[in-house]
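As structure tokens, one chain now follows by itself in the form predicted on its own.
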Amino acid sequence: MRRSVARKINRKNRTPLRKGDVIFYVALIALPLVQIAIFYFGVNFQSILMAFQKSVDGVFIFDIGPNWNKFVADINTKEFWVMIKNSILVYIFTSLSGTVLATIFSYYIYKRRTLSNLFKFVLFIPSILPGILLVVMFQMFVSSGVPAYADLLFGIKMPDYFSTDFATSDIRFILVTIFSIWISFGGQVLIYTAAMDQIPNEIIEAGKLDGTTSFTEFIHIILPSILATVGTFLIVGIASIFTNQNNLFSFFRPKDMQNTEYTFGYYMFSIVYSGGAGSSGYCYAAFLGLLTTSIVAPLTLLARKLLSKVTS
């Protein structure tokens, strides 16, 4: 009875929409809706169809057999499982290790410690410079700068690990992964610092009155307060395990790489890149994308559920 009366009152108090307001609202959301319809639903719908198709002279016809047979052949190779391992390692280092380091640096900046503004500037540089410029800078630093300093200070002769002589070396993969951590570091620090700034000062002051140190404040006050933000990064990282290219294409030409350096995301990219428009590579890449989505989606939802339980 009370709810029905409240609804009648709310209806009477509503301001009727004017025609001009409706036109303005429709015009405001029209472009975003069209973009979502075309570039999200349209593209993904076509990709789902391609997963069940093959290409014959540039014409796509429904036949999932070639995609399935190629997938069965792939999983029986050593290189396939190396790609899976590399993708998981990239997630561990960029999401887990990167998050741990980012929260520590964010706390240092949040506390306004010595040179915190300088660290903030240095960490934010990758967020404002073009990605290919950062790749060139990093590659030159590792190839020329580090060997020169090692020779000058310690007399150690270091090779150029980005040369083709080290195409099978795990060191190149590690270096590229370090680069991926570095370029994503600034964005994480920015968001974590902003989340820490939202913590009420009363809580921090109460902790100081109780005798908390910087370490106990970080563990018992700061981390629980920003846990939802940290969890968001970890969940997003899970969703991108099989699509993360680890910036391999920016560093190396396909012919300069070995399969042992591939991630699963780069493998799918290379299939499309080398095949060209209208090739069966599109269909197989779509098939792999649909298959990995069916694996990652439940893991992402499970991680989100676990996070909600921890933060509640």
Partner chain sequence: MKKVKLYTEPSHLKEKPSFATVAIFILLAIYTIGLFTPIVWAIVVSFMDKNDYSNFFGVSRAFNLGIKYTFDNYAFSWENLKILTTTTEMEYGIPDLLMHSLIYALGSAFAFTLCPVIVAYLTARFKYAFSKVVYTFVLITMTLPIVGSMASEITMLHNLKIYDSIPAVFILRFNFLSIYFLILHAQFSSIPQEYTEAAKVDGASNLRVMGQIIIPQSLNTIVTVFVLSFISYWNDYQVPLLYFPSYPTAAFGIYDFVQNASPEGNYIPIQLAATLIMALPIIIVFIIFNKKLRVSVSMGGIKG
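Positions refer to the first chain, counted from 1. Basically, rigid core = biggest C-alpha set you can superpose within 1.5 Å across the two forms. Only a predicted model underlies this, so the values are computations on that prediction, with no experimental measurement involved.
Keep in mind the form predicted in complex with its partner chain is missing from the figure; the text below concerns it.
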Quiz item: Is it true that 132, 148 and 249 each have at least one non-hydrogen atom within 4.5 Å of its partner chain in the predicted bound form?
Solution: yes
Quiz item: Given that the partner is absent here, does residue 69 sit within 4.5 Å of its partner chain in the predicted bound form, heavy atoms only?
Solution: no
Quiz item: Might residue 52 be said to contact its partner chain in the predicted bound form, defining contact as any heavy atom within 4.5 Å?
Solution: no
Quiz item: Any of the heavy atoms of residue 137 lying within 4.5 Å of its partner chain in the predicted bound form?
Solution: yes
Quiz prompt | 4.5 angstroms heavy atom contact with its partner chain in the predicted bound form for residue 210 | solution = no
Quiz item: Of these, 98, 126, 237, 231, which has a heavy atom no more than 4.5 Å from its partner chain in the predicted bound form?
Solution: 126
Exercise. Counting non-hydrogen atoms within 4.5 angstroms of its partner chain in the predicted bound form, say which of 174, 223, 73, 122 makes the cut.
Key: 122
Quiz item: Since the partner is left out here, which residues of 68-93 would have a heavy atom within 4.5 Å of its partner chain in the predicted bound form?
Solution: none
Quiz item: Fitting the rigid core first, would the Cα of residue 291 be found 2 Å or more away between this form and the one not shown?
Solution: no
Exercise. Align on the rigid core first; then say whether the Cα of residue 65 has moved by at least 2 Å between this form and the one not shown.
Key: no
Exercise. Determine whether the C-alpha of residue 34 shifts by 2 Å or more between this form and the one not shown once the rigid core is superposed.
Key: yes
